[in-house]
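Only one chain comes next, encoded as structure tokens, the form predicted on its own.
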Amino acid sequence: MAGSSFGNIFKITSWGESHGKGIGVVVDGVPSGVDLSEQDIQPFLNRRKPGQSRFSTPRAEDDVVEILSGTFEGKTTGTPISLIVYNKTQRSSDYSEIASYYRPGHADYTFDMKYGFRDYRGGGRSSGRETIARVAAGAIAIKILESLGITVHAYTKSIGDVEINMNNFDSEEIFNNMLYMPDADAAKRAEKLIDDKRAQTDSVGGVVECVVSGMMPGVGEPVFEKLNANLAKAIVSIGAVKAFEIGDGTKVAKAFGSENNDAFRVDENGKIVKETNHSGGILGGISDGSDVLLRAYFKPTPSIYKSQNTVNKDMENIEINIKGRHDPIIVPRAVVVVESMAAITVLDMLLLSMTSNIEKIRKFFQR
């Protein structure tokens, strides 16, 4: 199976299935000497794990991570880091019924067409549980970036038609509600929307916004390895993401050049800065020193209890009611996944950029 690896220098390889023995990731390209233990990774996995609120699947998994390789006496060795989270409460019998038909909105049909076989137990490799690997690797990337003064923070911008008011933005509120929204009033209205839709046996989508602060200018490549292009690939590779934006996103199509351009000036410290950030911190595929601002648009959870039409493997039109344990909304648990994939991409591009200028190479190697 191709396509389970991401990155160039900081490279991750995800493995495992939703109802297999476990989910894991191999992380290569981590420099030696980084302080690293399971305690650095576990808090990120705790934000992603199921069963934390009425808005997530009741599947109760501890999602405890174990480092199998790549560290010695609490520090990275520079060799591949292998991480595993064991699955503990698989209930494959919940999915036995769907073996004979294709669920609307899922990858059942496309997997069958590609491989002539599919793991119907929770979706196999296409399950949202695969994101454990991304979050575990992302925790390492975030730790390295923070040592360089770069922070990555994501939050829920909207759920359904309920959007945060930026005038009410409170970063501390993000962890005070179940939806990771930085606006307490919007969170209450969004909770009601989800509860209403769940009562109607339906689900809801939403938007996750992510900000990378402390970025230095000059990270990214000008053609195929653009920072924004690789961020787009990283974020859209997350299951259920259907659209991606940088900066003003789709609004630029309705803007004029005089409105969309970010004016430069020299600040009081003699540093070149921008007066606005419509570009989202990236110009020509390269970071410009401003905050990198991106958004991921998530579709509603496809597994709903409402009756739906589909076909079975005998080519018969049938009506189904999906059973099992499912999230009424994907967005809250996906916030840390977006954060992780953004961090992985930024760190990889930063390492790639180290060789772009001979002076950087001389500075590193000359004694």
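None of these values were measured; they are calculated from a predicted model. Residue positions are given as counts along the sequence shown, with the first one as 1.
Keep in mind that the form predicted in complex with a further copy of the same chain is not shown, yet the notes after this line are about it.
In the model of the complex, a further copy of the same chain lies farther than 4.5 Å from every heavy atom of N46. a further copy of the same chain is not drawn, but in the model of the complex it has a heavy atom within 4.5 Å of Y102.
In the model of the complex, a further copy of the same chain sits beyond 4.5 Å of every heavy atom of A184.
The closest heavy atom approach of A253 to a further copy of the same chain in the model of the complex falls within 4.5 Å. For the candidate set L179, I282, C210, I98, a heavy atom within 4.5 Å of a further copy of the same chain in the model of the complex is found for exactly one residue, namely I282.
Of all the residues from 275 to 301, those having a non-hydrogen atom no more than 4.5 Å from a further copy of the same chain in the model of the complex are H278, S279, I282, L283, G284, I286, S287, D288, Y297, F298, K299, P300, T301.
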